Ligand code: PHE
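Only one chain comes next, encoded as structure tokens, the form predicted on its own.
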Amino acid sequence: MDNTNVQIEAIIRHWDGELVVTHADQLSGAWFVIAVHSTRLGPGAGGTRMRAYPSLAAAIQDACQLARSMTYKFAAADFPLGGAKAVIALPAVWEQRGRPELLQRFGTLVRRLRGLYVTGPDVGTSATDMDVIGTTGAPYVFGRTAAAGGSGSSAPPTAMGVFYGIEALVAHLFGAPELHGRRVLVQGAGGVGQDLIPRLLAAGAEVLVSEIDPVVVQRLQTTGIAIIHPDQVSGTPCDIFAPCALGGVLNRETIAQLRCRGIAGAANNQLATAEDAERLRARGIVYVPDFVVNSGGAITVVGVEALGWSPAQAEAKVRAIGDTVRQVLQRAEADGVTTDAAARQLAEQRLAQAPTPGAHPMVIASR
């Protein structure tokens, strides 16, 4: 057995999920990976991430880790979905003009799972891509454009949930939820970040932004927002740090450099290792677990498209993220544990109270 197969076997053998599906797309050279971590609360749900990976093992590892986070995300939000994630691992060189056909072939795989997995947008995919995937994968595809009968981008409701989470964090730290005059550093101004920034500004916060895309940086500079170089993020003084790019940004090195009071952002898997939650606690930095604060988009998209929620119902559910954040922070303080541990305890209690896996799948109506 070669080293790649050994790595893949080790990842899957030590993973605590239910199912990993891999499929080689011969026409493009891409790999489709679908990881279903839990169906205890409902069908496994999670976005489709589309990017190049250094290896198939890396793609599987990413899908499995993200799927586990989705389980905790939906459980913490008390929402009737399980956790899953999909990855379209692109080859180093491929033809973008073949994107629609590639997405349609992926949709066919999703449909073959017959509702065990339902998908939506993620890093590298959009509502328009969901329209394409939906041509072969419906009714198990959410986050489509309004023109295709969907609810549109999940970024605005995700940003809304992060905003309410930041308010709850500020109230915990400073005694009141007002953001006026508070300095918030947003890392990543694409997707969720670009929707979060105006919310913070409207609330009177002083907003700093770090972004690697030069086009986005140039646009932000015209608004007068202070731009922080990516290498200077960890050491920049602020009240709240909001990671809204990729994961793994909170690690041994960056935590030692942080000059913030609290952390709440949209990026998935912000902690590089489980030990990093204790490192933050030791430094007196209050961390809101990402799977608690970034669930607004996922629950809104599925709530509107599958459960028939009105906009008011969706907003009320997203606003409740702030209540969950308060509950987690209070539990962590009372029990003397990390906020990550407190949030996982809350999610695990809800999972333990659920029926057997797959006993009550969500009824999904085709549109």
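Numbers for residues come from their place in the sequence shown, where the first is 1. Please read these numbers as outputs of a predicted model, since none were measured by experiment.
Missing here is the form predicted in complex with the named molecule; even so, the following discussion is about that form.
- For the three marked residues, 76, 339 and 344, no heavy atom of any sits within 4.5 Å of the named molecule in the predicted bound form.
- None of 197-205, 243-251, 218-226, 117-125 except one has non-hydrogen atoms within 4.5 angstroms of the named molecule in the predicted bound form; the exception is 117-125.
- Among residues of the shown chain, residue 268 is one whose heavy atoms approach the named molecule to within 4.5 Å in the predicted bound form.
- Residue contact check for residue 302: one or more of its heavy atoms lie within 4.5 Å of the named molecule in the predicted bound form.
- In the predicted bound form, residue 154 approaches the named molecule with a heavy atom inside 4.5 Å.
- For residue 71, no non-hydrogen atom is located within 4.5 Å of the named molecule in the predicted bound form, even though that partner is not displayed.
- Of the residues 328, 298, 318, 67, just one reaches the named molecule in the predicted bound form with a heavy atom at 4.5 Å or closer; this is 298.
- Annotation for 211-243: no interface residues with the named molecule in the predicted bound form [heavy atom within 4.5 Å].
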